[in-house]
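First, one chain by itself in structure tokens, the form predicted on its own.
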Amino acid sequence: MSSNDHQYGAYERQYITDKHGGNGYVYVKHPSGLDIYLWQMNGFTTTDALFTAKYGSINNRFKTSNDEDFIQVPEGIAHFLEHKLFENEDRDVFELYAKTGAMGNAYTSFDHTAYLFSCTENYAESLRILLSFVQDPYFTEETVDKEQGIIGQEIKMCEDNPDRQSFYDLLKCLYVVHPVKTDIAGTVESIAKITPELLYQCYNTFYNLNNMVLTIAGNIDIDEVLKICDEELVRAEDIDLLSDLGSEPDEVAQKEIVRKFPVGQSIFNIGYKCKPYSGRECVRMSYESSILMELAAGPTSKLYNKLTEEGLINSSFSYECFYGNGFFCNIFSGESSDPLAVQKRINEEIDRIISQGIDRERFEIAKKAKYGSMIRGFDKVDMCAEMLLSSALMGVSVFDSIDIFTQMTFEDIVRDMPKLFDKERSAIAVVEPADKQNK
């Protein structure tokens, strides 16, 4: 018997539907171990697919049921592995996609790596390509040496990016132990330690189908997709994978990092460290954070308009709730002639809102606007595929996320604001012009 022998179709389909709008998708726990989410969107012409390993830059210390102790691997190896999977001695993945008309790509984040394609036709052939090459690694000393040079140059280019440097400096301020503070690409020194043997070890550990997710949305036939999965997926043994992310303290590592760079205007990232959340609670707290940042410093706020009028911020000003496995923080970023003044004003506005309260009418307006944006996402195939993935990684359904948002109340955000924006657990990272004189 081959390693992928099993009874085709010998699994249940779970239909997950939206009780409000009638949307729905199918979930299958495949006999190979893979979680599969399929959203057949009638009337659409495109298809988007993501084949994802729950493996990112933070997963550098791990063990399985086959290991006696934790294994430490070089920083940047998840990103390095993503690059190498596209290579094989007898194929070029992008040439194969070109023949089907699909656009292929991949990315590595802090806590997952995704391989994806988008197409308007021949999705079945493109899906076979995706499932095939991700399950067929090929690493040699020669190809690893070559890639070390390529990624080394990429790392050096990233080091010349002031926005990226400011962001990672903020993470270094906020986090004492958690590996999220390390650049996804690693360093030139760390990737020099990568060998074919280490790549195979990480691949066999994290690219186990029990640790992966397939999400597809668009113009598909679910029966056809599952038949292809039956034929292409190789059954995997569950190896009880465990990552060690360290024991992160509540306090920040440091309050400020300032570095000089050849930039015309200072770049800043202001962050507020929160305890990490997971599952439904993480979804809820991320929504609350987004609404609160909109109310405090969004384009409709008095603070945003005052800072703009005074020339302290410009159109680059933005904010995000940044979270993942073991980390959660809220970040304001942008350009300014005086980043510390911006930080002071944001903190003053947070204090004011906590002491004087939130405008209920503005809350309702912001919530309705956010809800409208979420619902419009259901009209975009790529957004639906990404929502399937993000929800699966979070351990909730797409429609659970919608329900969690709609159930969020004014009282919830009033109660949670002090712990989501705690000045004692905040920090700032600034990249300022190299010719700026120190005061």
Partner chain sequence: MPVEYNRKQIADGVYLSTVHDEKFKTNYISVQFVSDFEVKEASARALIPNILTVSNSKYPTREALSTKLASLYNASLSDTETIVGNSYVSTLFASCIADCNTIDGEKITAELANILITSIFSPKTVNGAFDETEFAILKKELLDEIDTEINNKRNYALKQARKTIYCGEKSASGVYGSRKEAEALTCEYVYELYLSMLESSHIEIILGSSENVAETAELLERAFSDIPRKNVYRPVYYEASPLKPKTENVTERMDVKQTRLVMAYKIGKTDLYAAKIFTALFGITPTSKLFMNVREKMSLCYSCSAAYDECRQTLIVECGIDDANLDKTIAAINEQLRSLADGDFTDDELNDTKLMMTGAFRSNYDSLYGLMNWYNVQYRRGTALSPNEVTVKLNAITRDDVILCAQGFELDTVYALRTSHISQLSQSAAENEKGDTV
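Numbering follows the first chain given and starts at 1. The model shown is predicted, which means the values in this text are computed figures rather than measured ones.
Below: the form predicted together with its partner chain, not depicted.
message: Only one of Gln201, Ser318, Ser109, Asn314 gets a heavy atom within 4.5 Å of its partner chain in the predicted complex. Which one?
response: After the contact test, the surviving option is Asn314.
query: Just one of Gln254, Asn88, Asn210, Gln265 has a heavy atom within 4.5 Å of its partner chain in the predicted complex. Which one?
result: If I apply the 4.5 Å criterion carefully, the residue I get is Gln265.
message: Residue-level question: is Leu393 within 4.5 Å of its partner chain in the predicted complex, judged on heavy atoms?
response: Because no heavy atom of Leu393 falls inside 4.5 Å of its partner chain in the predicted complex, the answer is no.
task: Flag Val381 as yes or no: does it have a non-hydrogen atom within 4.5 angstroms of any non-hydrogen atom of its partner chain in the predicted complex?
output: Yes.
task: Answer with yes or no whether Thr46 is in contact with its partner chain in the predicted complex, where contact means some heavy atom within 4.5 Å.
output: Judged by the heavy-atom cut-off of 4.5 Å, Thr46 is in contact with its partner chain in the predicted complex.
- prompt: Might Pro162 be said to contact its partner chain in the predicted complex, defining contact as any heavy atom within 4.5 Å?
  reply: Yes, contact at 4.5 Å.
query: Check Ala98, Ala102 and Ile375: does every one of them have a heavy atom within 4.5 Å of its partner chain in the predicted complex?
result: Verified in the predicted complex; spot residues all in contact, yes.
task: Choose from 232 to 240, 282 to 290, 149 to 157, 340 to 348 the stretch whose residues reach within 4.5 Å of its partner chain in the predicted complex, heavy atoms counted.
output: Looking at the other structure, the answer is 149 to 157.
- request: Check each residue of 294 to 316 against its partner chain in the predicted complex and list those with a heavy atom within 4.5 Å, in sequence order.
  value: Contacts from 294 to 316: Pro299, Thr300, Ser301, Lys302, Asn305, Thr308, Glu309, Gly311, Ile313, Asn314, Ser315.
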